[in-house]
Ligand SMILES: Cc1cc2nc3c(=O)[nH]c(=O)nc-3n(C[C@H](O)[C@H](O)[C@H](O)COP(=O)(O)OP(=O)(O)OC[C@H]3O[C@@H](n4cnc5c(N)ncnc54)[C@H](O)[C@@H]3O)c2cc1C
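The chain below stands alone and is given as structure tokens, in the form predicted on its own.
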């Protein structure tokens, strides 16, 4: 199982499926093994299989069941954390490489869906960054100057945003962005990989990635292994690393809603604003004649640090009603998780300390395009080929210029460990109503307790099996979230999302 087992269902889950795959039932030897069957993992597998390499893909849940299914699928070469900040932290050269790679990712999706005949509702659209009320107008001026500096020639002044309800807002326009249906696209990638001899396995949990004798051995809970010349860990948050990479990024929950609207309710484009956290909106066509979907996202918070999902969905809907009063009732509400790197750029490349293990993580708000970049970049690196984007994404880079962000994000870990000596959210299991979860103290231990609809209790240790932080209850997704590094667990302690690979320990009352 993976995050597909969490409670909320995205628009994409409701309108498409990714074909099924068997579990791994025998050990294998291939050229490359990919852990994770989301946009990054399947993109790498596609590029390598297209190059004639024997590939195997493993996922702890169904194919396409991870965070790719929980995105809003904006395809943008514009940078949501601002290119002027990127230039300040990383320099013009790396900012230019980042922009070029993201632009290339949109073009790669466009060419793949054409070449493979994937009907995924792809379209080129414009993107608009609008100044939100109360924000400094110099944000847009600085961003436009940075775009000119790095060669983003398709960025221009729009002067006024075409988003309804925001006609008076100054905006930047970014031409040749894109949108698509992520699960339809992933299903097409799976078919293309299989057609080239690739092997894909679902419900196959990986518990070890180890270099041995010039190759990589990936071990699973079943005891079967996959040996390969290279391994790519593309699990949103790496499951092969204990702390080194996890100190460089932080997990954030993000929220989205989808509602029907009449044709012409707004331009078929991408829109986002300058708030922090920002709001973003786009359309997606429907195939049933019921009118296009309006998809609105935002209201982010650090994972595990809020449990007020109704207020956040309410805020998203209120924002939608202000700008798009013609939108109908909200039909889909869901959440996802993004990994925010402390120095803005994702980490894609050779895992620090390894020779044949590669990672893709730190997706921030550009997870779809970043995943496709990983496909192009890691397929080159795994074959020993140079790539012009390698320096911009290298996982082993130092983050000293982002020291403030590094210290701020990692303060979560120190704060969390004080929970070992603090009382729980409830004092007694009797306080727990059906459908509720909470952390309490029992016999001196922190316990993650959930009472199901039938009244039965599910008790596990509240200590995350990854690095020992205390998990928090997520009422929306009916799961336990780790605030430190972003692991998720179901009510019986099974891991749904990495970096944790082992379940929460069992707990017996009074012991």
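These numbers were taken from a predicted model, which means no experiment stands behind them. Residue numbers count along the first chain shown, from 1.
There is another form of the same protein, the form predicted together with this ligand; it is not shown, and what comes next is about it.
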query	finding
Listed range touching this ligand, judged in the predicted complex by heavy atoms within 4.5 Å, from 472 to 480, 48 to 56, 64 to 72, 23 to 31	64 to 72
Contact assignment for this ligand in the predicted complex, among 280, 293, 152, 319, heavy atom within 4.5 Å	280
Contacting member of 368, 78, 216, 189, with respect to this ligand in the predicted complex [4.5 Å, heavy atom]	368
is_contact(residue 254, this ligand) in the predicted complex, heavy atom dist at most 4.5 Å	yes
Partner contact for residue 35 in the predicted complex: this ligand, 4.5 angstroms, heavy atom	yes
In the predicted complex, residue 345 touching this ligand (heavy atom, 4.5 Å)	no
is_contact(residue 334, this ligand) in the predicted complex, heavy atom dist at most 4.5 Å	yes
Residues within 4.5 Å of this ligand in the predicted complex, restricted to 182 to 211 and counted by heavy atom	204, 205, 206
